[in-house]
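In what follows, one protein chain appears twice in different forms, each by itself as structure tokens: structure 1 and structure 2.
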Structure 1
Amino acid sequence: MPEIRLQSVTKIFGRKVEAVKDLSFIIEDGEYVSLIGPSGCGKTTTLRLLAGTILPTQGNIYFDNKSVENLSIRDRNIGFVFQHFAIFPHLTVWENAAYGPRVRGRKNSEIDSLVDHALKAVQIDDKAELYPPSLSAPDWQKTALARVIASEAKILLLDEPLGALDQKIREEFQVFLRNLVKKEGLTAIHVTHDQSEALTISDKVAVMNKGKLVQLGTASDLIFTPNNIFTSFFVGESDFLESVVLNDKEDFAEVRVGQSTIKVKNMGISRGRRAVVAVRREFFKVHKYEDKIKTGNFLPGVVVRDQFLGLLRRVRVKLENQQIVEVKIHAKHPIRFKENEKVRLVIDPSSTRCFEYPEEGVASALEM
């Protein structure tokens, strides 16, 4: 059961397309890790580098501290599951599962027991003799998984494995997949474009953008304590307030946003520096301007629109500095805000994040 380590891996396609840049991270033995990010962020390239279908331009990959530089895809002992299944249509489910041990020259009795175990593990043993064209998409993916398990691979690489399934089945399959991986003791790396799938299924999630690793952490790390501006932007929704740090001594730093001063989480940015305060849209509280509120930690603004969406309401507010921010509130929030109504946006300092102002500007830092 292997630990996977990437060390400064860079992959350049052609002369200058940098698909992956200086990527380093560790996936522990038995861990389920998802890779997410906008399309073209390098997540699929990373998976292919691990599989060995492409080789890094620079840097190294280690399985259990052994470099796999010279190991071809055949010798890495990995299982690869594709969005479009790649099961062999001319072989039965049983024969598909037997493919790995067969081409590795295993004895028939061993093949039988490996395949039987695999088919039972994915609950497709009742369809062993059927050919793929007569089965449905979820069964195809089960067959693909059985094939991996029978091959005794210890690393499972999943490329959008649920991408071709219907939404309802996807959700069931997420649970099924995670349980299977844990029961078989595999290390899994799962590429997906679906955030909620990644947050649900994995132990850790790696956020990537423009070929770089942005953050690797648990679901709750990414949602509640993102350590950079892109994660705050990409996972869920946040607004970004440009500010200047006034006081960096307390647990909560004081920053100036427009004309107002508010307290935010102190994340070590020194006094006088420019900062970006990230506030998740669920974490703002919006009050009528004239309401009495206990805290002074607020920004004044004017309502642009209070939009009812059933699931929730979104209140768009224009701050004094003309920035428009959005607040998500409960659909049954007692107050309906009218256009141009003056409001205060109350901010709980402990729910904020405060990042160094990016050199290239906020918009460029968020470019996907």
Structure 2
Amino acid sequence: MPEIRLQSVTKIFGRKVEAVKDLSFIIEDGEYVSLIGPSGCGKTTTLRLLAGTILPTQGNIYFDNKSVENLSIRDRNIGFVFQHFAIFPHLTVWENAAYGPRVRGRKNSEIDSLVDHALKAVQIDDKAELYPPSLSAPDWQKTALARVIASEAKILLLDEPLGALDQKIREEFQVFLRNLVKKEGLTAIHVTHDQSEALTISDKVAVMNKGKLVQLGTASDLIFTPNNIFTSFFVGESDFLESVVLNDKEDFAEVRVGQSTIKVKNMGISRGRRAVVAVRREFFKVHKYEDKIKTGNFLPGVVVRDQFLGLLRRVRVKLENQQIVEVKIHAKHPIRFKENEKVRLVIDPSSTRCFEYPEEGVASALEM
């Protein structure tokens, strides 16, 4: 199982377009890593660099400490699975899986063994003699995976591989795909626009923006301990409260938001400095203004809208500083809030993240 390392990799198209900028990270042996980020952030370019279909303008890519810039696609020992099923419709499932080892010049007995193993691994050995037009969409993708396994690739590159599947099937296939990668001892890099897919299926997730790596971490890291304002913004949903630090000496710092003071997790921002407090929308709690609240960690405001959205409701609240934040609560929350009703947003200090106010401003820092 190969380790993959990108070291200061930059890819420039034409004279000015930097699709990937100074990209450095390590994918450990046997890890399943997903790349997420807004459209045009460099995810697919990174995948193409790993595949060898394009070469870096600067920097190096290593597989097991061996530089691969001069290796052909064939010699990189990789398999590629796309959103649009890249298999041969005129060949049977068995013949599709046999294509890789046959091109590599393996003996017939070896091809038989490799294909039999691959088809059993993806659970379509009973469909070996069928042609792709008679298969379901999941079986098309299983055939593509069988071809990778039969070719003895140790690196699996996946570009939106589940994008053409229905939601219910897609969720089931996520579990199947992860189990397959682990059982076969592959190192997998998976590009997707579906955050829930990435967070569910991966050991680690790389968040990218504007060609740069923003954060690489586990799903828990990205949701509960994002290390920068963009990750907090992009992964899931958060609101950002502009503030000033009043007390930086305790585990929970005091900050001023508008005319109110709240406690937030102390992340080392000095007293008097401007800060941005990130709170995930599901971590807010909203109470009627007259409710007796044990904690003083709240912000007063008025309800703009209480909207029903299936299993969730979204309550939009305008704070005293005129900022509008959104709270996600369960659809069966016992209280229905009225427009212009006075409320208080209760904030658990341990569920906050407090970032230094970005030099370029909040809007620019969150720009995609």
Partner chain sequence: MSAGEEKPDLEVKFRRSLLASEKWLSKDTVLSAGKAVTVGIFILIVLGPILYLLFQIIVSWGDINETVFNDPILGNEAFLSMLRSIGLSFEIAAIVTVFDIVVGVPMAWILARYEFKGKSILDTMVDLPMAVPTSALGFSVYLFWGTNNGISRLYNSQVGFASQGTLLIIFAHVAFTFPYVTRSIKGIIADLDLNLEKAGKTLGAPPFTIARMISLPMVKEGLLAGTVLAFTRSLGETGATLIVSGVYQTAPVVIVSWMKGLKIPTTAFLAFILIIISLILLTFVRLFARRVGLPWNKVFPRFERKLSSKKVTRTRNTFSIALFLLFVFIPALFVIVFLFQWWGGSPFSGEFEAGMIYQVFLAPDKKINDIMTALVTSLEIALIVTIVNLLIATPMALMISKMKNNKVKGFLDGLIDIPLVIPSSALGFSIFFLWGSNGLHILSPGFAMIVIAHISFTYSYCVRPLIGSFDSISTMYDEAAAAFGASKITAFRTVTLPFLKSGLIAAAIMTFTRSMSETGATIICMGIERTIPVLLVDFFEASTFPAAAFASTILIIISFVMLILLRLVTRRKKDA
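Being a predicted model, the structure only gives us computed values, none of them experimental. Residues are numbered by position in structure 1's sequence, first residue being 1. The term rigid core refers to the most C-alpha atoms you can superpose between the two forms while keeping them within 1.5 Å.
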Legend entry - Assignment: the form predicted together with its partner chain: 1
Legend entry - Displaced residue check between structures 1 and 2: V257, CA, 2 Å or over, core reference: no
Legend entry - Is_shifted V276 between structures 1 and 2 (CA, 2 Å cut-off, rigid core): no
Inset, instruction - Look at the Cα of L91 between structures 1 and 2 with the rigid core superposed and state its shift in Å. - result: 2.5
